[in-house]
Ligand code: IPD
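The chain below stands alone and is given as structure tokens, in the form predicted alone.
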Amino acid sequence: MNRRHCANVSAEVDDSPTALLELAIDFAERVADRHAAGGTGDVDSKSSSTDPVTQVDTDSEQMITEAIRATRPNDGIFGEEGIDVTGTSGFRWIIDPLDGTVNYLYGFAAHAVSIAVEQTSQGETTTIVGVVHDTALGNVYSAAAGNGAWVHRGEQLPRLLRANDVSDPGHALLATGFGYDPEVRRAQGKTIAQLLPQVRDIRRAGSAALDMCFVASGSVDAYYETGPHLWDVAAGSLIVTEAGGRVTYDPDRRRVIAAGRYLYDPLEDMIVAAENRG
């Protein structure tokens, strides 16, 4: 089914995860068109001189924000480029309009738009929808709570995702990433240097959202990084979980660990030991 630009305002709002997933996929496809159009415009910096933000980032966030407000005006919105709206519906959209901005600037084929939906009910908040649209290669990873994790491309039929069942960290292909601050990178490098001899190998793609989808799809066995924000990992966390993996995200330390169900515990132990030695 062609979902593009199918969302319309309705007098009766459908709050089901499947309906919200359809909207999230549609919004992500609109932003994918903006990514494909190129034209970065002015390039500024955020946390450091090597942490860029482009016109594509801000245009993409504005597009998603306007689409949400048009279809679900009572929902909250929280995004990387500054949007922070408190809603009244119990639902909140968490958006990263361009994850992998440096890759995008360089033409390196690993960047995405990430969209998640949280629901708060009776004081408990859960993520019920996650979409990561790989805007370099066209793969769309998606999940609705309780309905599994899937990937499709264009008009291809969706394919069910399943995280790998490897249990030995020594046989694990580990994805990771690094921050923009030189001192943070130095500390991260020390930890990774200790992990490298204990795993199969390390991969670094430069997009946290895609790294998590790679765990869900079995392209890597695990992903570990200190530094990602909620908008980087919210959608990917649900996708990994629905693919049978495990994820923890510590918002204070901004540390994420995602892995297959058998690998998670021994890998976490190994990571904690490496961090403590660092």
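Remember, it's a predicted structure, so these values are computed and weren't measured experimentally. All residue numbers are counted from 1 along the displayed sequence.
Not pictured, yet referred to below: the form predicted in complex with the named molecule.
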{"item": "One stretch from 69-77, 133-141, 172-180, 118-126 that, in the predicted bound form, holds residues within 4.5 Å of the named molecule by heavy atom", "value": "172-180"}
{"item": "The named molecule: the contacting residue among R159, R153, R204, R186 in the predicted bound form [heavy atom, 4.5 Å]", "value": "R204"}
{"item": "Partner contact for D232 in the predicted bound form: the named molecule, 4.5 angstroms, heavy atom", "value": "yes"}
{"item": "Proximity of N164 to the named molecule in the predicted bound form, heavy atoms at 4.5 Å", "value": "no"}
{"item": "4.5 Å heavy atom contact, V113 to the named molecule in the predicted bound form", "value": "no"}
{"item": "4.5 angstroms heavy atom contact with the named molecule in the predicted bound form for I95", "value": "no"}
{"item": "In the predicted bound form: members of 218-233 within 4.5 Å of the named molecule, any heavy atom", "value": "E225, P228, D232"}
